[in-house]
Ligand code: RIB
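First, one chain by itself in structure tokens, the form predicted on its own.
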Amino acid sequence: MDETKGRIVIAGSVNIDISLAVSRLPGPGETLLADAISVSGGGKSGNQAVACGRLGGDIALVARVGDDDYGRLLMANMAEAGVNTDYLTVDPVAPTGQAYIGVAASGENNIIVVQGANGQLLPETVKAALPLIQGASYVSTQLEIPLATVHTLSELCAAHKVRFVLNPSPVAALPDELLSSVSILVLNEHELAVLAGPGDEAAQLARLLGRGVGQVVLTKGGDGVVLADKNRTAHYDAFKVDVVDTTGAGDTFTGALLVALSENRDMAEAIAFAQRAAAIQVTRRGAQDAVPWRAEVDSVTWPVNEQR
């Protein structure tokens, strides 16, 4: 691995995704017939780790799977992508996490998650991964694992001067103590509304920064990306592509962002790189299976987005 790259550690959930292709998402109490079914690797941290690996990052994953075929499939996915799995442990009781995803013809989706072994990624498990965390450039996590574990990760990062990245999904109210430890908060518009409360976007972003977050990266789908910190607010337009499936696009964006930052690119360049990777992802079906490789992203001729 290129020694000039900073190490990325991603800690959190890994799932098997069972995706159902439907003409549209069902309403409450409604039954629909699926057009197709597919099984692939998923979980927010698993997706981000695969994205980092396929895009050339120096990446290690801290996660937990069950002692079952799904867990072995996920381990194989990580190995193929070049992810360090020394701290991907096997739970002897809990099954591998599972996500059931409805994917509409428009590309939109809804997801129901069975936590499984992800719920057993406990504080002592991530403390055991301290040799990975020490000296890392970035540690990233989300909220599909116990909140106590997220707090422990933030404390380890603070103690060892590692930049802590949080994707607050599935979103929940978070204390200032945790938010103030976050170097980069990557979230979507729904998550912004829950964490920042009512008001327009500018007021919501200011509120999060006022709670101690270092930088906010707001992903808005077809409306692009907004970057906010204490010095600036910048908007980056989205690339226009034919959307097939948005599953995992946010995770690919986050993984790509981390890879670019670990290569010492500035934030504007990192966002452009991450947008390219996510734009390729949404033209394909699935989560981990749809993540592009580095050569694909580098070969894209879309121009770097102008901020405004």
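Everything numeric in this text was worked out from a predicted model, so none of it was measured. Numbering starts at 1 and runs along the sequence shown.
Another form exists, predicted in complex with the ligand; not displayed. Remarks below refer to it.
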| query | finding |
| --- | --- |
| R64, heavy atom within 4.5 angstroms of the ligand in the model of the complex | no |
| Proximity of N47 to the ligand in the model of the complex, heavy atoms at 4.5 Å | yes |
| is_contact(G53, the ligand) in the model of the complex, heavy atom dist at most 4.5 Å | no |
| Non-hydrogen atom contact G57 with the ligand in the model of the complex at 4.5 angstroms | no |
| Contacting member of L143, A99, L132, I184, with respect to the ligand in the model of the complex [4.5 Å, heavy atom] | A99 |
| Whether G42, V113 and T247 all lie within 4.5 angstroms of the ligand in the model of the complex by heavy atom | yes |
| Option from 204-212, 105-113, 227-235, 147-155 whose residues, in the model of the complex, bring a heavy atom within 4.5 Å of the ligand | 105-113 |
| Contacts with the ligand in the model of the complex, stretch 280-301 (heavy atom within 4.5 Å) | A287 |
